[in-house]
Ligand code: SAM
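In the block that follows, a single chain appears as structure tokens, in the form predicted alone.
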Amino acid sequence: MIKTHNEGLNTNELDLPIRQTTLSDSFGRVARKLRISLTDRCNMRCKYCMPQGNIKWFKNEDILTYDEIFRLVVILASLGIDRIRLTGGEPLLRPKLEDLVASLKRITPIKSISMTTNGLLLADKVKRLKEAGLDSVNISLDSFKPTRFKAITGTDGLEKVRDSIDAAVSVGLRVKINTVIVRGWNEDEIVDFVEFARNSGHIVRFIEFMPLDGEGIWQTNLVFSKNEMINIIIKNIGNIVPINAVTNSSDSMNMLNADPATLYCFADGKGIVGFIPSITEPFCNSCDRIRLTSDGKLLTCLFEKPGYDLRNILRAGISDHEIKKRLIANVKKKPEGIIRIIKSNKLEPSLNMMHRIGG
């Protein structure tokens, strides 16, 4: 069990006499969301993410403990972080994950805890996670075709993933599907995924292929753009419009504000799809996310290297007050993002490795 010596803590009680109470950068962006990578290990080998062959994993002793994660989240919550997403690698490879979820749920300012998973292990653990306080899951699924699924992921787990989607729904978790579209691989299934969204009620989010691949295969001609996806949808199914153009409901606006994807709906009101066009339409100017890697690095941007070492300062006995000051200073230096890399014509494969930094 996690030793939550701050159990039930309202972070207003922290004795940290620092006037700045938000994590703002030099571009005026304020961090509200935290991605926590729990491990760099994964039980899939997706070609657009993981290196193939021998992989140099982080050493077990270098991985943050649940107590260390809890301590950092308490500090970050006092600086305005209010939404957490657990990622990997595959987060469900960490044992007793429900203990961490329950611990984080007790931090007063945290509004939601979600998780991104490949779904292979979710069905067996979803009930405990929901009871611990998990609010939603994003499940990665790039093909409905068993042979293609195995070619992309290196596993035969398609049915397990589909079972996990059903299991998540059965316990009351909100479910979104993450689908990376790579030219020549799976763009012919866009219509199938949209029909799935319309029939199931789940949001399917189409993600452009980013240069975060461990194998170094990324090329610009493999990027299937948001506009190309939309054209396929309109041609084969019907017109879609941005969801904020047709609704002003508070629930819908909260969904929009919490999601990095641009969400669209159909004229008949049936089905929502989203697009994350990180390459063709970068949204760096509205980025409100920071990341904590499993080995304790703070990344203020997906493409930041090497990040800021938090693990060693945690283990050196530095006070929460000092850590808070460092976090403020680190986020202040957040780079503009991939948009700057695109402008400088420096896009290339493996600018970072997704399995190490968290999705």
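So that there is no doubt, residue numbering starts at 1 and follows the sequence shown. All values reported here derive from a predicted model rather than from experimental measurement.
The form predicted together with the ligand is left out here; the points below concern that form.
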May I ask you to choose, among Leu38, Ile290, Cys49, Ile69, the residue with a heavy atom within 4.5 Å of the ligand in the model of the complex? Cys49
Among the candidates Ser136, Asn244, Ser140, Thr262, the residue which, in the model of the complex, approaches the ligand to within 4.5 Å (heavy atoms): Ser140
Quick one: is Gly89 in contact with the ligand in the model of the complex, heavy atoms, 4.5 Å cut-off? yes
Just checking whether Thr116 would be counted as a contact of the ligand in the model of the complex - the rule being heavy atoms within 4.5 angstroms. yes
Using a 4.5 Å heavy atom cut-off, state whether Ile237 contacts the ligand in the model of the complex. no
Evaluate Val180 for contact with the ligand in the model of the complex, applying a 4.5 angstroms cut-off between non-hydrogen atoms, and reply yes or no. yes
Which of 122-130, 156-164, 71-79, 212-220 sits within 4.5 Å of the ligand in the model of the complex, heavy atom basis: 212-220
Check each residue of 186-209 against the ligand in the model of the complex and list those with a heavy atom within 4.5 Å, in sequence order. Ile207, Glu208, Phe209
